[in-house]
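Presented below, as structure tokens, is a lone chain in the form predicted on its own.
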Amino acid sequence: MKLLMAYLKTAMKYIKKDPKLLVGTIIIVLVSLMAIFAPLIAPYSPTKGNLVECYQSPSLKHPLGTDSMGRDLFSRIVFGARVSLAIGLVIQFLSSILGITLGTVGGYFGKFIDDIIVNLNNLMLAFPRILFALAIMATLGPGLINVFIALGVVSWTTTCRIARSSALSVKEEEYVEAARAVGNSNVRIIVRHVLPNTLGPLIVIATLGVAYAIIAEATLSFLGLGVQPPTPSWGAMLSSGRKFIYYAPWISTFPGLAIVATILGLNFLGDGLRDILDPHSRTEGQM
């Protein structure tokens, strides 16, 4: 508990000094709370429509208006935060596990193992990630589980490159040589010495990776290959609202603003974490 309080105290010190980190933290905390307590916050059902109230502009009854089926947009955006954050976190978790494992193993062992992983990484980078994800979705079909699979498969390359670069540097340190000299196994050295000293940049990449996953899911849903109706998804709401952009612009405007705000918060949070975890960037910023 004392260690946790010390970490929180240090984090609060940096948050107060860095306006971007403060703004990013506030945005992500608000979006997370909105997703967690969606049933308590949303005044209406996100899936139940009322054809009598179609295309209503923002009002006291419906703060963000209603869509083409009379569904309350505020309620749908609140529940859509659950979908976006869940997809972002799950996809980044899957891609981090795959990327960190491959990158660390390749960087630590080197030789032909590293060559295989590097070539596989380069092969994946040869294809635009979103097009690769579209091809996978076209094969598997739309749906939430398939979104996890498609984006998880294409999102590990950056994490792999960072993990490999960090492992190449850390494995030459004296404490790793000492651990190897006293007879520690390679697995123990990687888990106890290499990974803990490469997590700094990987945490930053993971934060930015969540932002990418949210954008990618919104893109797939916009094209009709992501989360399927009636489940509220910000990307699908954008897609459905584009047909009414001229006489009911709020249907697509507010989901778009929700995506922009969330991505902005994640990017600010990632930049702030980079400044905290990377002493070189912090020193350069003070010069």
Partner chain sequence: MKKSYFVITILLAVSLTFSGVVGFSAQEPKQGGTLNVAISYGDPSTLDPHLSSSITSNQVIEQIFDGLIAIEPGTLEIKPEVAKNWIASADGKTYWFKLRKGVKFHNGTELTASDFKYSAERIGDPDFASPEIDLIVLMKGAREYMDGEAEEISGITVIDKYTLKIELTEFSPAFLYGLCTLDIVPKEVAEEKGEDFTNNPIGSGPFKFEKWRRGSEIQLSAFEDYYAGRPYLDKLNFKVMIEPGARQAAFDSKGVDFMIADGPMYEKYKKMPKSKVKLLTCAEFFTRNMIFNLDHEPLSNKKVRQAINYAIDSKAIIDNVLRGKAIPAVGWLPSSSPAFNEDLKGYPYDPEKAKQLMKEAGYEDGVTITVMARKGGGGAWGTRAVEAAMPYLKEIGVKVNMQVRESGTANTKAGQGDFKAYMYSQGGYVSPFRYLNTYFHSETERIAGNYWNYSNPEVDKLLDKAQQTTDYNERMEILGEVDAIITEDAPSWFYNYNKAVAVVQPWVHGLKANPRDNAYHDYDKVWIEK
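Quantities reported herein were computed from a predicted structural model and do not represent experimental measurements. Positions refer to the first chain, counted from 1.
As for the form predicted together with the partner chain, it is not shown, yet the points below apply to it.
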Report yes if any heavy atom of residue 41 sits within 4.5 Å of a heavy atom of the partner chain in the predicted bound form; otherwise report no. no
Could you tell me if residue 54 has a non-hydrogen atom within 4.5 Å of the partner chain in the predicted bound form? yes
Within 4.5 Å, heavy atoms only: does residue 224 come near the partner chain in the predicted bound form? yes
For residue 61, is any heavy atom within 4.5 Å of the partner chain in the predicted bound form, or not? no
Taking 26, 30 and 152 as the candidate spot, are all three within 4.5 angstroms of the partner chain in the predicted bound form by heavy atoms? no
The partner chain isn't shown here, but in the predicted bound form, which of 93-101, 68-76, 176-184, 162-170 has heavy atoms within 4.5 Å of it? 68-76
Could you list which residues of 222-245 come within 4.5 Å of the partner chain in the predicted bound form, counting heavy atoms only? 222, 224, 225, 226, 227, 228, 229, 230, 242, 243, 244, 245
